[in-house]
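The chain below stands alone and is given in C-alpha coordinates; this is the form predicted alone.
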(Lines give C-alpha, C1' and ligand atoms only; values in the text may rest on other atoms or scores of the structure.)
Protein backbone atom coordinates (compact mmCIF):
# COMPACT_ATOMS: atom_id res chain seq x y z
CA UNK A 1 0.00 0.00 0.00
CA UNK A 2 1.20 3.49 -0.89
CA UNK A 3 0.28 6.20 1.60
CA UNK A 4 0.81 9.96 1.78
CA UNK A 5 2.84 11.24 4.71
CA UNK A 6 4.25 14.76 5.01
CA UNK A 7 4.38 15.54 1.29
CA UNK A 8 5.71 12.11 0.30
CA UNK A 9 4.11 9.07 -1.31
CA UNK A 10 5.70 5.95 0.13
CA UNK A 11 5.01 2.31 1.04
CA UNK A 12 3.26 1.90 4.37
CA UNK A 13 6.12 -0.17 5.77
CA UNK A 14 8.54 2.71 5.15
CA UNK A 15 6.39 5.32 6.89
CA UNK A 16 7.70 6.75 10.16
CA UNK A 17 6.35 9.40 12.53
CA UNK A 18 8.39 11.00 15.28
CA UNK A 19 7.75 9.72 18.84
CA UNK A 20 7.57 13.43 19.72
CA UNK A 21 4.56 13.97 17.46
CA UNK A 22 1.84 15.70 19.48
CA UNK A 23 -0.76 13.40 17.96
CA UNK A 24 1.05 10.52 19.68
CA UNK A 25 1.74 12.37 22.93
CA UNK A 26 -1.45 14.42 23.38
CA UNK A 27 -3.97 13.23 20.74
CA UNK A 28 -3.45 16.77 19.44
CA UNK A 29 -5.02 16.38 16.01
CA UNK A 30 -8.09 15.77 13.89
CA UNK A 31 -9.18 13.27 11.28
CA UNK A 32 -11.71 12.76 8.53
CA UNK A 33 -13.12 9.63 6.92
CA UNK A 34 -14.93 9.51 3.58
CA UNK A 35 -15.77 6.96 0.96
CA UNK A 36 -16.76 6.42 -2.65
CA UNK A 37 -19.90 5.26 -4.37
CA UNK A 38 -19.70 4.47 -8.07
CA UNK A 39 -15.93 5.03 -7.70
CA UNK A 40 -16.56 8.72 -6.94
CA UNK A 41 -15.93 10.49 -3.65
CA UNK A 42 -19.27 10.89 -1.87
CA UNK A 43 -20.17 14.36 -0.53
CA UNK A 44 -16.52 15.45 -0.70
CA UNK A 45 -17.34 19.10 -0.04
CA UNK A 46 -19.21 18.23 3.17
CA UNK A 47 -16.33 16.10 4.42
CA UNK A 48 -13.79 18.77 3.52
CA UNK A 49 -15.80 21.47 5.31
CA UNK A 50 -16.04 19.30 8.42
CA UNK A 51 -12.29 18.63 8.36
CA UNK A 52 -11.65 22.36 7.97
CA UNK A 53 -14.00 23.17 10.86
CA UNK A 54 -12.38 20.60 13.16
CA UNK A 55 -8.87 21.78 12.29
CA UNK A 56 -9.66 25.46 12.72
CA UNK A 57 -11.26 24.80 16.11
CA UNK A 58 -7.89 23.41 17.22
CA UNK A 59 -5.79 26.05 15.48
CA UNK A 60 -4.58 23.66 12.77
CA UNK A 61 -4.24 24.33 9.05
CA UNK A 62 -5.71 22.21 6.26
CA UNK A 63 -4.60 21.92 2.64
CA UNK A 64 -6.76 23.55 0.00
CA UNK A 65 -9.67 21.54 -1.34
CA UNK A 66 -8.06 21.15 -4.75
CA UNK A 67 -4.73 20.07 -3.27
CA UNK A 68 -6.41 17.46 -1.07
CA UNK A 69 -8.32 16.04 -4.04
CA UNK A 70 -5.09 15.88 -6.03
CA UNK A 71 -3.37 13.87 -3.26
CA UNK A 72 -6.29 11.45 -3.07
CA UNK A 73 -6.33 11.01 -6.85
CA UNK A 74 -2.58 10.30 -6.82
CA UNK A 75 -3.13 7.63 -4.16
CA UNK A 76 -5.91 6.11 -6.25
CA UNK A 77 -3.54 5.83 -9.20
CA UNK A 78 -0.58 4.53 -7.20
CA UNK A 79 -2.72 1.91 -5.43
CA UNK A 80 -4.67 0.88 -8.57
CA UNK A 81 -8.02 1.81 -6.99
CA UNK A 82 -9.55 3.55 -10.01
CA UNK A 83 -12.13 0.77 -10.57
CA UNK A 84 -12.69 -0.04 -6.88
CA UNK A 85 -14.82 1.36 -4.11
CA UNK A 86 -12.59 2.72 -1.36
CA UNK A 87 -12.46 4.80 1.79
CA UNK A 88 -10.10 7.68 2.56
CA UNK A 89 -8.60 8.31 6.01
CA UNK A 90 -7.05 11.75 6.63
CA UNK A 91 -5.26 12.73 9.83
CA UNK A 92 -3.63 16.04 10.69
CA UNK A 93 -1.68 16.62 13.91
CA UNK A 94 0.23 19.61 15.26
CA UNK A 95 3.50 17.79 14.52
CA UNK A 96 6.61 17.02 16.53
CA UNK A 97 8.18 19.40 19.06
CA UNK A 98 10.59 19.19 21.98
CA UNK A 99 10.53 19.52 24.90
CA UNK A 100 7.15 17.95 25.67
CA UNK A 101 4.95 20.85 26.77
CA UNK A 102 1.19 21.12 27.01
CA UNK A 103 1.11 24.55 25.39
CA UNK A 104 1.20 24.82 21.61
CA UNK A 105 4.71 24.83 20.16
CA UNK A 106 6.13 27.80 18.26
CA UNK A 107 4.43 28.79 15.05
CA UNK A 108 7.06 27.24 12.78
CA UNK A 109 6.36 23.69 14.02
CA UNK A 110 5.55 21.57 10.95
CA UNK A 111 2.23 19.73 11.06
CA UNK A 112 1.96 16.02 10.28
CA UNK A 113 -0.52 14.94 7.59
CA UNK A 114 -1.27 11.29 6.87
CA UNK A 115 -3.65 9.93 4.21
CA UNK A 116 -4.37 6.37 3.17
CA UNK A 117 -6.98 4.45 1.14
CA UNK A 118 -8.70 1.17 2.06
CA UNK A 119 -11.10 -1.20 0.37
CA UNK A 120 -14.73 -0.82 1.40
CA UNK A 121 -16.44 -3.91 2.82
CA UNK A 122 -20.15 -4.61 2.47
CA UNK A 123 -22.65 -4.01 5.29
CA UNK A 124 -25.25 -6.17 3.54
CA UNK A 125 -26.16 -8.70 6.22
CA UNK A 126 -26.22 -6.26 9.16
CA UNK A 127 -28.09 -3.62 7.18
CA UNK A 128 -30.68 -6.17 6.10
CA UNK A 129 -31.17 -8.00 9.39
CA UNK A 130 -30.40 -5.26 11.93
CA UNK A 131 -28.07 -5.22 14.93
CA UNK A 132 -28.05 -5.33 18.71
CA UNK A 133 -26.91 -2.32 20.76
CA UNK A 134 -26.33 -1.40 24.39
CA UNK A 135 -26.78 1.83 26.34
CA UNK A 136 -23.77 3.41 28.02
CA UNK A 137 -23.03 6.65 29.82
CA UNK A 138 -21.42 9.20 27.51
CA UNK A 139 -17.96 9.80 28.98
CA UNK A 140 -16.48 11.67 26.01
CA UNK A 141 -15.03 15.16 26.24
CA UNK A 142 -17.14 18.28 25.78
CA UNK A 143 -16.27 18.99 22.13
CA UNK A 144 -17.66 16.01 20.24
CA UNK A 145 -18.48 18.37 17.36
CA UNK A 146 -14.73 18.31 16.61
CA UNK A 147 -13.61 15.14 14.84
CA UNK A 148 -10.66 14.74 17.17
CA UNK A 149 -8.28 11.77 17.23
CA UNK A 150 -8.84 11.65 21.00
CA UNK A 151 -11.15 8.63 20.80
CA UNK A 152 -10.38 6.51 23.87
CA UNK A 153 -13.91 6.83 25.39
CA UNK A 154 -15.35 5.85 21.99
CA UNK A 155 -13.00 2.87 21.79
CA UNK A 156 -13.93 1.73 25.30
CA UNK A 157 -17.65 2.06 24.51
CA UNK A 158 -17.29 0.07 21.29
CA UNK A 159 -15.30 -2.63 23.09
CA UNK A 160 -17.98 -2.87 25.79
CA UNK A 161 -20.56 -3.35 23.04
CA UNK A 162 -18.50 -6.13 21.45
CA UNK A 163 -18.07 -7.85 24.83
CA UNK A 164 -21.87 -7.65 25.23
CA UNK A 165 -22.43 -9.37 21.87
CA UNK A 166 -23.65 -6.09 20.38
CA UNK A 167 -22.52 -4.02 17.42
CA UNK A 168 -22.74 -0.49 18.84
CA UNK A 169 -23.04 1.43 22.09
CA UNK A 170 -25.70 4.16 22.17
CA UNK A 171 -24.48 6.90 24.48
CA UNK A 172 -26.56 8.85 26.98
CA UNK A 173 -25.88 12.06 28.87
CA UNK A 174 -28.08 13.76 31.48
CA UNK A 175 -31.10 11.66 30.57
CA UNK A 176 -30.84 12.10 26.80
CA UNK A 177 -29.38 10.15 23.90
CA UNK A 178 -26.42 11.82 22.21
CA UNK A 179 -24.99 9.46 19.56
CA UNK A 180 -23.23 6.12 19.19
CA UNK A 181 -19.54 5.39 19.75
CA UNK A 182 -19.00 6.03 16.02
CA UNK A 183 -22.49 6.64 14.64
CA UNK A 184 -25.42 9.04 14.78
CA UNK A 185 -28.66 7.64 16.20
CA UNK A 186 -32.20 8.01 14.83
CA UNK A 187 -35.42 6.83 16.50
CA UNK A 188 -38.90 6.58 15.00
CA UNK A 189 -42.15 6.88 16.94
CA UNK A 190 -45.60 7.30 15.43
CA UNK A 191 -43.99 7.76 11.97
CA UNK A 192 -41.83 10.70 13.14
CA UNK A 193 -38.09 10.26 12.56
CA UNK A 194 -36.06 11.94 15.31
CA UNK A 195 -32.37 12.51 16.00
CA UNK A 196 -30.46 14.57 18.52
CA UNK A 197 -29.81 18.18 17.43
CA UNK A 198 -26.28 19.24 16.59
CA UNK A 199 -24.36 20.46 19.63
CA UNK A 200 -20.95 20.17 21.23
CA UNK A 201 -21.95 16.59 22.11
CA UNK A 202 -23.15 15.53 18.64
CA UNK A 203 -20.97 15.27 15.53
CA UNK A 204 -22.24 16.75 12.29
CA UNK A 205 -22.46 13.37 10.55
CA UNK A 206 -22.52 13.50 6.76
CA UNK A 207 -24.82 10.48 6.43
CA UNK A 208 -26.98 12.02 9.16
CA UNK A 209 -27.23 15.15 7.01
CA UNK A 210 -28.17 13.13 3.93
CA UNK A 211 -30.90 11.26 5.83
CA UNK A 212 -32.43 14.52 7.06
CA UNK A 213 -32.40 15.87 3.49
CA UNK A 214 -34.01 12.69 2.15
CA UNK A 215 -36.77 12.77 4.77
CA UNK A 216 -37.56 16.40 3.99
CA UNK A 217 -37.52 15.78 0.24
CA UNK A 218 -39.80 12.75 0.45
CA UNK A 219 -42.36 14.02 2.95
CA UNK A 220 -41.21 11.89 5.86
CA UNK A 221 -41.66 13.65 9.20
CA UNK A 222 -38.26 14.53 10.65
CA UNK A 223 -37.41 16.17 13.97
CA UNK A 224 -34.08 17.25 15.43
CA UNK A 225 -34.71 17.16 19.17
CA UNK A 226 -33.43 15.74 22.42
CA UNK A 227 -34.48 12.08 22.80
CA UNK A 228 -35.10 10.75 26.31
CA UNK A 229 -33.60 7.39 27.29
CA UNK A 230 -37.08 5.97 27.94
CA UNK A 231 -38.06 7.04 24.42
CA UNK A 232 -35.26 5.07 22.81
CA UNK A 233 -36.33 1.93 24.68
CA UNK A 234 -39.93 2.49 23.60
CA UNK A 235 -39.21 3.46 19.99
CA UNK A 236 -41.09 1.87 17.11
CA UNK A 237 -37.86 1.76 15.09
CA UNK A 238 -34.21 2.77 15.54
CA UNK A 239 -31.38 3.05 13.06
CA UNK A 240 -27.75 4.18 13.05
CA UNK A 241 -25.97 6.23 10.41
CA UNK A 242 -22.34 6.76 9.46
CA UNK A 243 -19.99 6.82 6.48
CA UNK A 244 -19.11 3.14 6.78
CA UNK A 245 -22.29 2.23 8.71
CA UNK A 246 -24.66 3.69 6.05
CA UNK A 247 -28.23 3.06 7.36
CA UNK A 248 -28.15 0.26 9.94
CA UNK A 249 -31.37 -0.91 11.63
CA UNK A 250 -31.28 -1.53 15.38
CA UNK A 251 -33.40 -4.48 16.52
CA UNK A 252 -32.37 -4.61 20.19
CA UNK A 253 -31.26 -2.14 22.88
CA UNK A 254 -30.07 -3.48 26.25
CA UNK A 255 -31.89 -6.75 25.62
CA UNK A 256 -35.16 -4.98 24.73
CA UNK A 257 -36.45 -5.90 21.28
CA UNK A 258 -37.29 -3.06 18.92
CA UNK A 259 -40.11 -3.72 16.43
CA UNK A 260 -40.24 -7.39 17.53
CA UNK A 261 -36.58 -7.78 16.64
CA UNK A 262 -37.02 -6.81 12.99
CA UNK A 263 -35.96 -3.78 10.90
CA UNK A 264 -38.85 -1.34 10.64
CA UNK A 265 -40.71 -0.31 7.50
CA UNK A 266 -39.77 3.38 7.66
CA UNK A 267 -36.13 2.42 8.18
CA UNK A 268 -36.35 0.24 5.06
CA UNK A 269 -37.84 3.16 3.11
CA UNK A 270 -34.98 5.41 4.21
CA UNK A 271 -32.46 2.73 3.25
CA UNK A 272 -33.95 2.49 -0.24
CA UNK A 273 -34.00 6.28 -0.59
CA UNK A 274 -30.36 6.41 0.49
CA UNK A 275 -29.17 3.73 -1.93
CA UNK A 276 -31.11 5.34 -4.76
CA UNK A 277 -29.49 8.65 -3.88
CA UNK A 278 -25.93 7.32 -3.87
CA UNK A 279 -26.50 5.61 -7.23
CA UNK A 280 -27.48 8.96 -8.72
CA UNK A 281 -24.66 10.92 -7.04
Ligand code: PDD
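What you are looking at is a predicted structure, and each value in this text was computed from that prediction instead of being measured. Positions refer to the first chain, counted from 1.
Only in words, not in the display: the form predicted together with the named molecule, which the text now covers.
Contact between residue 63 and the named molecule in the predicted bound form is not found at the 4.5 Å heavy atom cutoff. Remark: residue 43 does not count among the residues lining the named molecule in the predicted bound form, judged by a heavy atom distance of 4.5 Å or less.
Contact between residue 115 and the named molecule in the predicted bound form is not found at the 4.5 Å heavy atom cutoff.
Taking the partner from the other structure, the named molecule in the predicted bound form has no heavy atom within 4.5 Å of any heavy atom of residue 53. Annotated contact segment (heavy atom within 4.5 Å of the named molecule in the predicted bound form): 139-147, selected among 139-147, 126-134, 73-81, 189-197. Residue-level contacts in the predicted bound form: of 161, 206, 90, 96, one residue has a heavy atom within 4.5 Å of the named molecule, and it is 206.
By the 4.5 Å heavy atom rule, the three marked residues 4, 22 and 111 all fail to count as contacting the named molecule in the predicted bound form. Contact annotation for 23-62: residues with any non-hydrogen atom within 4.5 angstroms of the named molecule in the predicted bound form are 31, 33, 47, 50, listed in sequence order.
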